[in-house]
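Next up: a single chain in structure tokens, the form predicted on its own.
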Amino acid sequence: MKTSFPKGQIEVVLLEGTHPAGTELVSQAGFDVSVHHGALEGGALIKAIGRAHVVGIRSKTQLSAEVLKHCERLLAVGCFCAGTNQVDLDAATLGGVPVFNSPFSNTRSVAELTMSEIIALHRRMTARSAALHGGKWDKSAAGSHEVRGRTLGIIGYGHIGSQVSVLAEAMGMKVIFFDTQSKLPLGNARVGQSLEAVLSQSDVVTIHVPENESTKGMIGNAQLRMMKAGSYLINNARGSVIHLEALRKAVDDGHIAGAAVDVFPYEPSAKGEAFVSVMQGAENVILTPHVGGSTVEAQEAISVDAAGKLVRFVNTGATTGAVNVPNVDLPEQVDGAGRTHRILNFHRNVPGVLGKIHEAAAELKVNISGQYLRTRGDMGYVVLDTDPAQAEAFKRRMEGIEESIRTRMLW
């Protein structure tokens, strides 16, 4: 594998205690790795990552446009989690910095937590456990139900939602789901015609949607009142999805029989920091500290997946799995007698750029042995494998093209 310069000079900074398996993978690639076990912010964050070529974060570190502008050497960002909303993607894209994540590795962990909460809510397990911890013996079937035969409504039928669907059916539940995109129902699951239809037909509703403008506040008082009296609500998606004050009122007046909440509009940035929520103290409500994907198995899988994408991008230029730039899957460079240089170029996606690149190649008599091009919105990404002769001059010419954002060469 090739890099832009000796591997030991490529500085990688990993924050927030990413799993050691990913750290080991990056270290074995020969890069210079620094590890910070907590999240950083402000000047401390800029100081830690200002000279980094690669940065790995989880969900707490905020890579804003202001932070990113101080990272002039940054080649790529890895989000060692499913989401990427902690990174200013527009700013990263403008700088030609791919942002990678691991959207599937924690799927099973979140699905299993969801199923455990469905059962726990139906059996009022938290209240019964608290009573015994307080020395009160109250053996009663009141308010306890089997989940078999009950209808589970799933809002968001992506990787997690569909996995929950499979597990719920195995438990004997009926499944109805709503998604803004057309999705193939698994097993006997049925497609709901609208969000409102799913809310009104379900005994328990679980939410698995991303955070965007259409999902912020999607469950408020009006939607809660559409749900069956005595039904349950679970949010293991994003804290902005549910209006918690409305949920607390619905729980307190008995319309909602119980809820499980793993994500919150505001979450402490460090262990030990005080947590405050309107849901604290509510009857039959399970609160967990954003641990849906926090299993040893999921964290290891996420770390290996995200780290592998970063290493591959640095070594080959492959952007497969990046969320903000065109995805280009690339073969290894040819080595030995047929050795090539590989030039990677992010540019503004406007007509004529490729023509300018080919014109420069012709003038310099550069032999191009492989070319890969993808565009995405306003961004274009072209990768050229060339003979070593004139490769450096060709790279400089590409850097000088008006629409060019960032050019890198592997040899």
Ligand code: NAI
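Residue positions are given as counts along the sequence shown, with the first one as 1. From a predicted model like this one, the values you see are computed outputs, not experimental measurements.
There is another form of this protein, the form predicted together with the named molecule, and it is not shown here; the text below is about that form.
Checking 258, 326, 192, 156 against the named molecule in the predicted bound form, a heavy atom within 4.5 Å turns up for just one residue: 156. When you look in the predicted bound form, the only residue of 169, 112, 211, 196 with a non-hydrogen atom within 4.5 Å of the named molecule is 211. Mapping the unseen interface onto this chain, residue 203 falls outside it, with no heavy atom inside 4.5 Å of the named molecule in the predicted bound form. Using a 4.5 angstroms limit between non-hydrogen atoms, residue 298 is distant from the named molecule in the predicted bound form.
Contact check for residue 218: a non-hydrogen atom falls within 4.5 Å of the named molecule in the predicted bound form.
Mapping the unseen interface onto this chain, residue 280 falls outside it, with no heavy atom inside 4.5 Å of the named molecule in the predicted bound form. Stretch-level contact check against the named molecule in the predicted bound form with heavy atoms at 4.5 Å: of 90-98, 125-133, 138-146, 285-293, the positive one is 285-293.
Not one of 346, 387 and 408 comes within 4.5 Å of the named molecule in the predicted bound form, counting any heavy atom. Annotation for 180-202: interface residues with the named molecule in the predicted bound form are 180, 181, 183 [heavy atom within 4.5 Å].
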